[in-house]
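Two forms, one chain: they're shown below as structure tokens, one block per form, named structure 1 and structure 2.
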Structure 1
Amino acid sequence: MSVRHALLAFLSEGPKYGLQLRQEFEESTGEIWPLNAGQVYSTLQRLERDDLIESDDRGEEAGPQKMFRITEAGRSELDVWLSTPPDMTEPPRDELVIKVLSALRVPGISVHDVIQVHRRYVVELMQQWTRLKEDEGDLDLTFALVADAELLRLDSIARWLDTADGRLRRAGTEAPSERTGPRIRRRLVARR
């Protein structure tokens, strides 16, 4: 997560003290992405060094009592960041996908059993997020949004596992096609 841009977003509301920024950061995302005070202040220092924010006294180190405001350059940096989609062109090196693909190659291992172990784990995590969202989501909109994002991310994993399970069953085999590896590699290379 970009602490740098999150801090710029807080400062876009108006000038704030270091301590206030730290508290707002903790209140909005701290439960999910804990961040220590040092990270907040060192990021503020770098933002000031890059002229994206300014303070009344540039001589002092960033700390709880220092007041910061966003600069014109900081505001345009924030605008560009907000409207630039993150790079999602490359598939992530997903460990779960790799485990399932690897299970196909291992003699004596049922890939369906492997898939089920992961499916159960993902559903258990989703049960916990759903319960948490029910307990806290009404009180805290930010938390509800984060919980939704996490539930949908886990849901997409569960769906992929279901799809993989179904596809492998239809293929009627627990052993991989000999060309699986090279074919996948060729397509990924071709996309770059």
Structure 2
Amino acid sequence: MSVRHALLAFLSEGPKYGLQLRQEFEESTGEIWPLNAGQVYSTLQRLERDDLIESDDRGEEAGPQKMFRITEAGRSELDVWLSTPPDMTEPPRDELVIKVLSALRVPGISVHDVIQVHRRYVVELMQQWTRLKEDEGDLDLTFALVADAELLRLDSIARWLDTADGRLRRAGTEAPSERTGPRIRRRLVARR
């Protein structure tokens, strides 16, 4: 999540104070991601240092009474960020994937049991998000959008766990070859 760019987006609406930006960030994310005031002010200081925003008084430390506004350079960076897809060419270091792959190597551990424990947890989270969405979704559009994103993310994790369990069962739960990692990495590099 780019707090930097979210703050630029809020400032594109007009000048604002630091605490106002913090409140708007939290409201815009359905109050799912709280933002530390210190993080807001350190981000604002970096944005000002990079000439992406300006304030009433550049000589003072960022504070609650300081008004910030976006500059042309800031607007340009925001436009580029909004129109540029993130780099997703390489899979992220996902703790769950690493855990399943590691379970294959641990003697006496059933990788299928590991998968099922995590699958149950994901399903419980999906149920919690569904209830929250039913309770709050009609009242708060931003929360509904965040809940939708989280439900879809959790659904994809559950589907991956099901796929991994099926693949491992068909393979007889054999450990992956030592060459798997480098071979996959070579394929990703070759596609670029």
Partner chain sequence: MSFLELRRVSKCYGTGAAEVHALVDVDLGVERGSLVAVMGPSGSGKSTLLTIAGSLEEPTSGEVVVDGRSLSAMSRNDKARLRRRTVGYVFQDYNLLGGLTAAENVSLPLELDGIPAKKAHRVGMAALEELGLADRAAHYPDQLSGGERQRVAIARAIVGERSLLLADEPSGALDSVNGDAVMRMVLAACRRGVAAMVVTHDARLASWADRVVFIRDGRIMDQTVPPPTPESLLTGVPASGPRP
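The first residue in the sequence of structure 1 is number 1, and each one after it adds one. Remember, predicted model here, so these are calculated numbers, not experimental data. The term rigid core refers to the maximal set of C-alpha atoms that superpose within 1.5 Å between the two forms.
Q: Any idea which of the pair is the form predicted on its own?
A: The chain shown as structure 2 is the form predicted on its own.
Q: Looking at how the chain moves between structure 1 and structure 2, with two rigid parts pivoting, which one of 128, 109, 167, 46 falls at the hinge?
A: My reading of the hinge gives 128.
Q: If the larger rigid part is held fixed, by how many degrees has the smaller part turned between structure 1 and structure 2?
A: 12 degrees is the angle the smaller part turns through.
Q: Once the two forms are fitted on their rigid core, how many angstrom does the CA of residue 103 move between structure 1 and structure 2?
A: With the cores aligned, its C-alpha sits 4.6 Å away.
Q: Once both forms share the same rigid core frame, by what distance in Å has the CA of residue 163 shifted between structure 1 and structure 2?
A: Its C-alpha shift, to one decimal, is 2.9 Å.
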